[in-house]
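Just one chain is shown here, as structure tokens, and it is the form predicted on its own.
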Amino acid sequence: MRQPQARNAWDERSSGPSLSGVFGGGFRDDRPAVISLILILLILLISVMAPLFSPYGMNEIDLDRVGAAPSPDHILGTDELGRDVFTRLLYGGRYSLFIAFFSIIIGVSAGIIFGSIAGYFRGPVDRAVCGLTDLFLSIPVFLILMVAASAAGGKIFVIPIVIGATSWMETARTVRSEFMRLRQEEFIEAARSLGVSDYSIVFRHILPQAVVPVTVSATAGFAAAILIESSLSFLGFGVQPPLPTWGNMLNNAQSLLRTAPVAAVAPGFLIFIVCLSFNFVAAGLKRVLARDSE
């Protein structure tokens, strides 16, 4: 027979902050975060609709204008092969953001799985997951990334897997701490007394309340993923030409630093702006979350 106290606690369970509440509440009053979010969406939109904004093809070559300075025909000049830099930036944004997005999906998914298992079941399982997390945090991850990316031959569908498989640790820690906090709440104890399964408690009642902290972690991780991909591509271990990313555009433009510096400055500037914008959005979400938890 179900206990009345447990039923009351279950019916009166509290819910954590929702994404709609965060974005509709204090976040929209955070001007730097809102401007950054608009800028990210604008860059994403222009990159996705690249053919509408440039009359040139992604790999279209103009041998008469190799390493040319900005002009009315090529507003950001051309690269070392005579390709339009502005066009390559737009298409490069597609691939750089695609890689970062799927890296985050993989990393966050792994972090949620490991963190929820450790935080809910605790004991030996928690110690094993914490040990694995500490191991990944203690080894030189970037070296592993370079070796794995090089072995994969710079294939664009492999790079997100490589980055995501080595970037789940912070999300796992965030989810673990949320689970350890929430599993002590009265409505969780009530759920157990009512015979609710562990699977249902984890995925239907605890995990949804950890969505906002996970989103904050993923937003900051997005900037890190872009930097990692750019670094790998700049060093020649990431996506290989002729596919453009902002990182390999930087690498290819090294020979043009004196004659056509825009070819190097433009992708570097975009990497800087996008990463800074994601960090501003993450900081805005953190402030709202901290204010709501007080």
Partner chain sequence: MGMMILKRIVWTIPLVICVSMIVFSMMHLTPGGPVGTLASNPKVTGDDLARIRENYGLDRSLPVQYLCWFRQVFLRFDLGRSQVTGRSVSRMIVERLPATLELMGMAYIIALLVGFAVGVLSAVYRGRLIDQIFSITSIAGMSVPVFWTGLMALYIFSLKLGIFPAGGRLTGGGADPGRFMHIILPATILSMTYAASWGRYIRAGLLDAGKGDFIRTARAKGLGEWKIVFKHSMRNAVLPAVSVMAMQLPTLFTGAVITETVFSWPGIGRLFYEGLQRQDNARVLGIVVISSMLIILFNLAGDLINMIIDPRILNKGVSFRDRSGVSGLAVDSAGATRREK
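Positions refer to the first chain, counted from 1. Small disclaimer: the values here were computed from a predicted structure and weren't measured.
If you look for the form predicted in complex with its partner chain, you will not find it shown, but the lines that follow are about it.
Residue heavy atoms within 4.5 Å of its partner chain in the predicted complex occur in exactly one stretch of 71-79, 139-147, 186-194, 84-92, and that stretch is 139-147. Interface residue remark: Ser116 is not counted as part of the site for its partner chain in the predicted complex, having no heavy atom within 4.5 Å. Its partner chain in the predicted complex is approached by Phe269, whose closest heavy atom lies within 4.5 angstroms of it. Interface membership of Thr215, defined by any non-hydrogen atom within 4.5 Å of its partner chain in the predicted complex, is ruled out. Not displayed here, its partner chain is approached by Ser231 to within 4.5 Å at the level of heavy atoms in the predicted complex. The contact residue chosen from Met58, Leu235, Leu39, Val66 relative to its partner chain in the predicted complex is Leu235, the criterion being a non-hydrogen atom within 4.5 angstroms. When its partner chain is considered in the predicted complex, only one residue from Ile46, Leu227, Val34, Leu243 comes within 4.5 Å through any heavy atom, namely Leu227.
Residues from 71-102 do not approach its partner chain in the predicted complex: none has a non-hydrogen atom within 4.5 Å of it.
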